[in-house]
Every structure is written in structure tokens, then in C-alpha cells.
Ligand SMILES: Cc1cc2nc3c(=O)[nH]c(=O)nc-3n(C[C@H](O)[C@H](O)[C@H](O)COP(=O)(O)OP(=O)(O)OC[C@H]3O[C@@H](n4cnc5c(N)ncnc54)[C@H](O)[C@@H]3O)c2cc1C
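Here we start with a single chain on its own, the form predicted on its own, put down as C-alpha cells.
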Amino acid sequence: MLTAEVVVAGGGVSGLLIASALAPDFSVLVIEQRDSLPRNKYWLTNEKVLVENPQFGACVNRRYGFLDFVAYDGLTATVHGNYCLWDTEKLVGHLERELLRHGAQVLTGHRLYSLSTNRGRVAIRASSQTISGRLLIDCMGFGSPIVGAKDVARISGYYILHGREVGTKGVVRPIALDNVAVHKHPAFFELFPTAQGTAHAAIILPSRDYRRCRSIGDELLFILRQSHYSGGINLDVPSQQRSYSGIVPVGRMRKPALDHILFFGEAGQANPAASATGLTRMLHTYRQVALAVGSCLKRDTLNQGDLLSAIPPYMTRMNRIFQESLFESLLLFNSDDFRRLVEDLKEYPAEVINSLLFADFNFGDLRAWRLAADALFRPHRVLGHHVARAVRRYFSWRR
């Protein structure tokens, strides 16, 4: 039997972050079901998290000063800010080295399939191994078997994603979202150029369920080969670039912790936004979470109530409600609805857009009330309407 004080299930970026923060003070074991640590993601964050985490400076691949949001007819909102595209290979490598330096164990090729709690410890079965720990940190996301079996999450919908790394020709602008093809249920194209003359290209479809109702892979190939983007894309490159595909559940954790179990990462944050806020929120909070978890370990207070009272919030309740409200609207948007959102992005200040994008908006600020008031006088607007909706939901919850 393997033993560790902390067992982290999931060897993605979220699992490696929280494990690396705990490894200097506790024995840590990371288990990952794939044969190697996953590196098939790309991440976009704001510059603020890099200022807070300068040790990761070498893991940023490229910086942008703007992002484009584009409607199907070419209407473009260029939002200025300080954005970072991360090199996932370097980030995962850095975190793995830190874990090994502090004596942590990383066990790949082991799938968690059973667990039990007894006498202040949790016993985990992962492939042929039985592992005993004081605390299990679940970083497997909403696809975690624990999340499903314990019925601790409410799923609102899914992002169905298909993408690949492609070669580029000439100057390629960073595209945050582009509804390239008009549709009743639009999909969104994003394109983030790297420092190596390639770009991460993906198409994302918000969906109520996980059934693939249409071939988004074919839609992506059309955009890359035949649309107006094709002139800047080079598909005739060696097939060493990564491919991306998956179904990402979106929802909220009803119980972010159980006895001797804590959820961290995309599921733990109850974060319905896509890659823009995922790593940003984790980098903002992982050290605070590790500090709180470490205090619980030292006091041996690891029951559900202890963990819930100790862990800090990953984002404010108002930001979470706003993100949920916007995602629910995306599920119902047609192409003209998204076009109205792009019109809003052209008019609002960049600092407002960025703080909403990265779930860092101060809803007690005067700007929030101006947005809400704007929704009353111009009800066709999208952002102001969702700010007002979030405020109503918040006060309904308080009552």
C-alpha cells in the first residue's frame, strides 16, 4: 500500500498547482490516469496573475495587447489589455520538477475507481494500487467519478470543443471569439498565435447536452481551409502539432468539499467560463487554498464542515452568478444575439470588459450600477442586461 498525507487525483495543471504548493510541507502523491501528464491544452490569462506568480515567467509563450471579438458579418470589437498565452509544456514541466524536488510522487497510468473513508483516512484504489491518505484533492473536473457518484454537482451545459495547432503565414491577430458562420445555434472560432509561427485554432460549441448534434470538426476544417481565415493558415506542416477535442461540462458544485475530500480546479471553482478564466482563477487562488488546506491538515480538522469553512472563495458570488447567466444565454443565442454582444464590447471601456471576462469585476463599484441602469434604458443591450440579471439573482438568493 502506498501512503501520503495528501493524494491529488488528476495530473493536469490544476492538480500540479495545488500539489506543488503543498509538497514543501506535506507528503504528496499525484495520480493521473493517462500514461503521461496531460499537456494537450492551451491557456490564456491576464497579466495580473503573472505579476502575482513571477516564478512562472518563463512559461508564458506570448503576450498580446488586444483580443478581437467578431460577429458573422465581420463586425469587430477590439478589446485592449495585457494578455498572456501560456506554454503548457513548460508550465507542466516546471510544476513536475518542483514536485519531484520536494519529494512528491507522481504516478501516471493509474485510474481512480474506488474509495472509502475510515478512521480519519481515505483509502483509494487506482488501477492495481491501494493508496492511503489523510486528504484527497479531486482535480479531475466535472468528469470525476467522485463528482458523479456523490451527486455534488449541478450541470448547466457543455462546451464541445475541437481544435488543433496549425501553421501560420504572415501576421495573425489573436481572435478571442468569432462566429464565422451564421447559424441558429452558433459555434465560436478562436485563434491564438504562438511565438513559434503556429497558432492554437479551435471551434467551441455551447450546448445543453453532450450529444454532438453536428460535426464541429468539419466546421473547423472549413474555417481553416476555405473561409477568409485560410489565407493566414498553413496546414501543410509536419504533423507534430497538438490536437484538442473534448466535452467540457459546465456547472456548479453543490458541495465543494466532503469529509476528507476537497474539489479543486475547474469543477472546484464552479467556473462556467472557458480557458480565459480557468487558469487565471487557479493562479489567483491556489496558494490561498493550499494555506487553508495546510492549516486543516496540521489541526487534523478534515471533515466537510472544517474544509468548507477554511477554503477561500475562488471568485465572488456576484461574478459567479454573472458567468452562469451569460453561459445560459450563450446556449440560447443565435448569430444576431452574439452580434449585439459584439456591439456592446465596442462601446464599453476595456477595463470593464476585461474584469468581466476574467471574473474579477467589482459589482459594488459605480460602474456596475451604470451597467445595470443602462439595461433599464436600453433593454436590447446584452452586458448591461446580464449585470442587472446577476444583481436580481443575488438579492433573490439573499432573501
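All of these numbers come straight from a predicted model, not from anything done at the bench. When you see a residue number, it is the position in the sequence shown, counting from 1.
Missing here is the form predicted together with the named molecule; even so, the following discussion is about that form.
Novice: So in the model of the complex, is the named molecule close enough to Ala390 to count as touching (4.5 Å, heavy atoms)?
Specialist: Looking in the model of the complex, residue contacts with the named molecule do not include Ala390, since no heavy atom lies within 4.5 Å.
Novice: Answer yes if any heavy atom of Gln323 is within 4.5 Å of a heavy atom of the named molecule in the model of the complex; otherwise answer no.
Specialist: Contact with the named molecule, no.
Novice: Phe69 near the named molecule in the model of the complex, any heavy atom under 4.5 Å?
Specialist: Contact check for Phe69: no, nothing within 4.5 Å of the named molecule in the model of the complex.
Novice: Is there a heavy atom of Gly12 lying 4.5 Å or less from a heavy atom of the named molecule in the model of the complex?
Specialist: Contact check for Gly12: yes, within 4.5 Å of the named molecule in the model of the complex.
Novice: Spot the stretch among 30-38, 52-60, 334-342, 348-356 with residues whose non-hydrogen atoms come within 4.5 Å of the named molecule in the model of the complex.
Specialist: Stretch 30-38 is the one.
Novice: Would the named molecule be touched by all three of Pro24, Leu95 and Arg101 in the model of the complex, meaning a heavy atom each within 4.5 Å?
Specialist: No, the whole trio is out of contact, none within 4.5 Å by any heavy atom.
Novice: Of Leu262, Leu112, Leu191, Val250, which one comes within 4.5 Å of the named molecule in the model of the complex, counting heavy atoms only?
Specialist: The option sitting close enough to the partner is Leu112.
Novice: Can you pick the one in Leu177, Leu297, Leu161, Ala77 that has a heavy atom within 4.5 Å of the named molecule in the model of the complex?
Specialist: Checked against the cut-off, the match is Leu161.
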